[in-house]
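Encoded as structure tokens, the following chain is the form predicted on its own, with no partner shown.
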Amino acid sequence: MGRWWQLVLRLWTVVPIWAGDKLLDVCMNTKHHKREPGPEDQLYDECTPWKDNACCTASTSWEAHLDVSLLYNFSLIHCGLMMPGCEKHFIQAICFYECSPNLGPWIRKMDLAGPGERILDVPLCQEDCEQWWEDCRTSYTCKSNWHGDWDWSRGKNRCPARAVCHPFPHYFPTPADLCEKIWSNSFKASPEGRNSGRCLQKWFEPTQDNPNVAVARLFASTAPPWEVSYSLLAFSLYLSFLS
């Protein structure tokens, strides 16, 4: 029995390292993501920062820039007015979601019984949330959560009945509200700045190295996958019961 306990202790030591590697350089299991990241030298406009290693195709990057995106038939301009600076932030956020291979530590299954995945609580740098909010203050929307409850009766999203269009600060009083509420906590407003190495940038200059690689590695090192942890825990409890 003593040798079994030694084996379990060694596994608990090795698993965080092995698990962290599984969370690096990966793509989500969704409709538009590639199975594995790789070079894409024809990425369009705001998606070009990921050209060296991307989870999106050139086609996906182009579709992300359309007024009514073919990716989801979703219109950013559902209230008739979105300033170009505000729209640019949303396109960058879509590119970040579709193209980044550095979201592994925050990928979660949509349904434990199904294949679909999403991201949850991705820590966006403070400057990213603040500038996004600032550039959208004079744009209009009718909802604080864009993930659901739209009127799709005409094939694209329209404001639901009795939903009133207001400037963004009405639905998002603070930058944190915008980052966290807009897509059901896909993002989390980090108090950390861009130079901290502890938050992700939703966009970066295409000429610079991807700063999110190191951040993903940091968070992955402390995030073993739940299925492995639970299996080891169950085995440990079984040995405890036998002893």
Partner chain sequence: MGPQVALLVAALAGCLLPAGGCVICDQRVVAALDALEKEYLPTHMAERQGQVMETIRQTVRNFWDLPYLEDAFMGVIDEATMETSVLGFLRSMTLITNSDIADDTFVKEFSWMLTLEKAAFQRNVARFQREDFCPNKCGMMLQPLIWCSNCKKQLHVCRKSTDCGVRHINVHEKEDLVLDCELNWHKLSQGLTYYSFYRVWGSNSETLVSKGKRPTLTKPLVGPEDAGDYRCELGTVRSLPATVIHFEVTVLPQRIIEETPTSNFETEEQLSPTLQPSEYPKPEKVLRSLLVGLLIWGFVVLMIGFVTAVLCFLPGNVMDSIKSWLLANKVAAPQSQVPKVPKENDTAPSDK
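Since this is a predicted model, take the numbers as computed values, not measurements. Numbering follows the first chain given and starts at 1.
One more form of this protein exists, namely the form predicted together with its partner chain; it is left out here, but the text below deals with it.
Has each of Glu87, Ile91 and Arg158 got a heavy atom lying within 4.5 angstroms of its partner chain in the model of the complex?
Result yes, every residue of the spot touches its partner chain.
Please tell me which of Cys136, Cys79, Cys125, Ile119 lies within 4.5 Å of its partner chain in the model of the complex, judged by heavy atoms.
It is Cys79.
Can Ala214 be called a contact residue for its partner chain in the model of the complex at 4.5 Å between heavy atoms?
Heavy-atom contact with its partner chain at 4.5 Å: absent for Ala214.
Find out whether any non-hydrogen atom of Tyr140 is located within 4.5 angstroms of its partner chain in the model of the complex, and reply yes or no.
Heavy-atom contact with its partner chain at 4.5 Å: present for Tyr140.
At 4.5 Å between heavy atoms, is Trp203 in contact with its partner chain in the model of the complex?
Taking the distances in the model of the complex, the answer for Trp203 is no, it never comes within 4.5 Å of its partner chain.
Does its partner chain get within 4.5 angstroms of any non-hydrogen atom of Asp67 in the model of the complex?
Contact with its partner chain, yes.
Which is the contacting stretch out of 172 to 180, 192 to 200, 31 to 39, 59 to 67, given heavy atoms within 4.5 Å of its partner chain in the model of the complex?
Stretch 59 to 67 is the one.
Considering only 44 to 58, what residues come within 4.5 Å of its partner chain in the model of the complex, judged by heavy atoms?
Stretch hits, in order: Tyr44, Asp45.
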